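Same protein, same chain, two forms; see structure 1 and structure 2 below, as structure tokens.
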Structure 1
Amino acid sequence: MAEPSTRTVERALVLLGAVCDAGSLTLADAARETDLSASTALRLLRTLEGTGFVRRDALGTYRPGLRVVQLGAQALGHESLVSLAEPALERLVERTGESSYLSVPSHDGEGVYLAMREGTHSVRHASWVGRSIPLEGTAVGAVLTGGHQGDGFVVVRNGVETDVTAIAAPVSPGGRVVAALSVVVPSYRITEAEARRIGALVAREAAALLMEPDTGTVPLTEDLTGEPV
């Protein structure tokens, strides 16, 4: 019941994390960073290297390997992203009462809804998983194409779809935007101020999506549904 976790593997994984965090790490630095003796760090890094999880450049410093990229991309491809995002969508709907979406870039300058949760208001935005959306003139598009904005979210009022206001924020681990979280609201019932509040909420959920469950939870007492209590 305790935690029969293997020390060796844990150390190797910490080491891998250190290399990926730093982007480039010398053996001595890696050993220092992880509180390992140089010989141990070397041995572990060698097996990471042999399996493609790290690689050495010409100068001998360690860098993230292709296996990491490969597995990361695979993980994103499968429904992993969707299942990771589902709780966040759930919370967004709960907090705002509005329809919430997870989208990724597809091709031809379009995006696709990968997952959604319908809002609870009887008048709500409705769409479906698999629906493609243009990246031009939409909040999701602005986020996915990476034009970074001040507050970490984008609000587009009456853009491609008239009558609705879209609020989107990027899921961007390590600086690369891989997906967007968004909330779509009928414009008539939302003010600028409320849009910004929801924006902050979406941005926080998006940022927390790929963080540890512990540090990632966002306690929020505020009620943004506008529904009678």
Structure 2
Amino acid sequence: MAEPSTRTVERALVLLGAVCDAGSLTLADAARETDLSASTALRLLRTLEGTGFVRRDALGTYRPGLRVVQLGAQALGHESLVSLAEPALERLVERTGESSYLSVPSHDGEGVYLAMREGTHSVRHASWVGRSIPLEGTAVGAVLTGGHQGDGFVVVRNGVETDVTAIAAPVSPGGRVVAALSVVVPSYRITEAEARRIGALVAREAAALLMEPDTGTVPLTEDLTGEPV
């Protein structure tokens, strides 16, 4: 009888954890550490290898794969980036009264709202944290894909939603865009001049977001995909 899928997932995760804890394991050691038969351990290890979660070296030993490293870097990067961005988001709300967002690229080729501070106006943009947004035709998408102009920010009206204007700027330590800061405003109450004023504020906060205050260096050494910056 086939093994229940939840049991298979549980065994695969335990096996992956054993490999990561040890740093490297032979098939025999992996089976022994997880109380699995050698055939079951081999089947699961091959699946993990095929998806990049483990790799097998020239001696046949299993080690953590690149996918594990990438996911760890993404998790740490997101957590630290949100913490770093919180003061900037709060300042943008204080200076504009509008909702402000931190967004990052997602694995499926879109963007995702990672954090936000809600505006203070009675009519304001409610939280979209966790929602995906298209990269094409949006302010956040434009800056995440390097489409911002010399002013350092992008203004898009009626992008994701009608009657809404978004103003975004890139967070780009070392010249590599890793995130975007944005302010979202109901279009009826923003003029072109106000959009430029807010754009300058967003660009300034985004440019300073990953800079050490004393040295001007970037504290993160990897972007959110685990690649060096």
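Residue numbering: sequential along structure 1, first residue numbered 1. This structure is a prediction, so every number in the text was calculated from the model and none was measured. Whichever C-alpha set is largest while still superposing within 1.5 Å between the two forms counts as the rigid core.
*Asks:* The same chain appears twice here, once per structure, so which copy is the form predicted together with the DNA?
*Replies:* Answer to the question: structure 1 is the form predicted together with the DNA, whereas structure 2 comes from elsewhere.
*Asks:* Does A31 move appreciably between structures 1 and 2, meaning a CA displacement of 2 Å or more on the superposed rigid core?
*Replies:* Yes: A31 shifts by at least 2 Å between structures 1 and 2.
*Asks:* Superposing on the rigid core, is the Cα displacement of D57 between structures 1 and 2 2 Å or more?
*Replies:* The answer is yes; the displacement is at least 2 Å.
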